[in-house]
Ligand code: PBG
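Take a look at this one chain, the form predicted on its own, written out in structure tokens.
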Amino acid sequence: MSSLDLRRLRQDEHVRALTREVHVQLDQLIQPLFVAEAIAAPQAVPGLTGVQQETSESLLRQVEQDLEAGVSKFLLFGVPQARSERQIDWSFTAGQVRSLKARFGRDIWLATDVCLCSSTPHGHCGVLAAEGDHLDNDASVAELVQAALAYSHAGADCVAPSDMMDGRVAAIRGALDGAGLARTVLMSYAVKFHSTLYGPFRVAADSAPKSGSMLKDRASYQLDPARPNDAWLCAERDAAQGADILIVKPGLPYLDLLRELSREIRKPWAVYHVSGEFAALEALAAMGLANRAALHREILIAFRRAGASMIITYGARYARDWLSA
């Protein structure tokens, strides 16, 4: 073997482009959006460059700009002003879905997050049980079903339950089908870990668990990072119960599971490049320690290489420039 046998195919940009096995396309990226009822003007989110809590009016302008940047797929998080323990009013976020679809129609694909954390006074992802130290699974699922129905009736193309309650995929799928909404895609946060990397998101969604609750964190319902077998069980269950797309969240610390799961469970897989991961990359670039476009491009390639069909990323609106740099 010649000393150049392997390096010949790396020697210039043309041959490197010809021999690449993994590609990231703009239409594989989903841009999160946050809209808050209680604010009068858009509010920047710390750590997330170019991401804001939007008002109902600025949300429409932002999506218009995103379309101009080549982004057409979105994941919407609504932050209503009123909060409730039960019988939650989903009309604020449903109204945003209705406005977006009325304005942009089929030009956009709109997924809507389905969870209770931004709508409850305690900030947890479900209904607290009477004891206050755990979530009532069945009561939580009942609320999630109502949210999914409200968003789908308003025109959402996809509902995305992120709560990690048991049985919510089957309940939501059954309710959608029974309401004549069988075309609504169900994208499940099937593999969502109890992570320290959600900080900026919790500011954007106003969704951190509130002090004073007996249930201090989400470890009792989100996955333990040291229990990969639990991730398999959750993914297999959600696939069997009717999820069309499965999500791994966060992304970078769990590429091993994304790789294994996407090979064995033949569903489309999404990866959520979460706020803490994204903010860390932005900090590196801001300090002059990495080239911003090259840094983000490398991470996006890693997600695709590990098996993701699609990537939820706060940088989708910048990706056209990053991918062509």
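Fair warning: this is a prediction, and the values are worked out from it, not measured in the lab. For every residue, the number given is its place in the sequence shown, counted from 1.
Below: the form predicted in complex with the named molecule, not depicted.
Contacting member of Leu135, Ile88, Leu149, Cys117, with respect to the named molecule in the predicted complex [4.5 Å, heavy atom]: If I apply the 4.5 Å criterion carefully, the residue I get is Cys117.
One residue of Cys125, Ala154, Leu110, Ala239 in contact with the named molecule, assessed in the predicted complex (non-hydrogen atom, 4.5 angstroms): Looking at the other structure, the residue within range turns out to be Cys125.
Contact of Lys192 with the named molecule in the predicted complex (heavy atom, 4.5 Å): Yes, Lys192 is a contact residue.
Proximity of Arg202 to the named molecule in the predicted complex, heavy atoms at 4.5 Å: Yes, contact at 4.5 Å.
Exercise: Ser162 in contact with the named molecule in the predicted complex, heavy atom 4.5 Å: The answer is yes: Ser162 has a heavy atom within 4.5 Å of the named molecule.
Any non-hydrogen atom of Tyr314 within 4.5 angstroms of the named molecule in the predicted complex: Looking in the predicted complex, residue contacts with the named molecule include Tyr314, since a heavy atom lies within 4.5 Å.
Stretch in contact in the predicted complex with the named molecule, which is absent here, among 97-105, 168-176, 194-202, 78-86 (heavy atoms within 4.5 Å): Correct option: 194-202.
Partner contacts in the predicted complex for 239-274 (non-hydrogen atom within 4.5 angstroms of the named molecule): Those in contact are Lys249, Tyr272, Val274.
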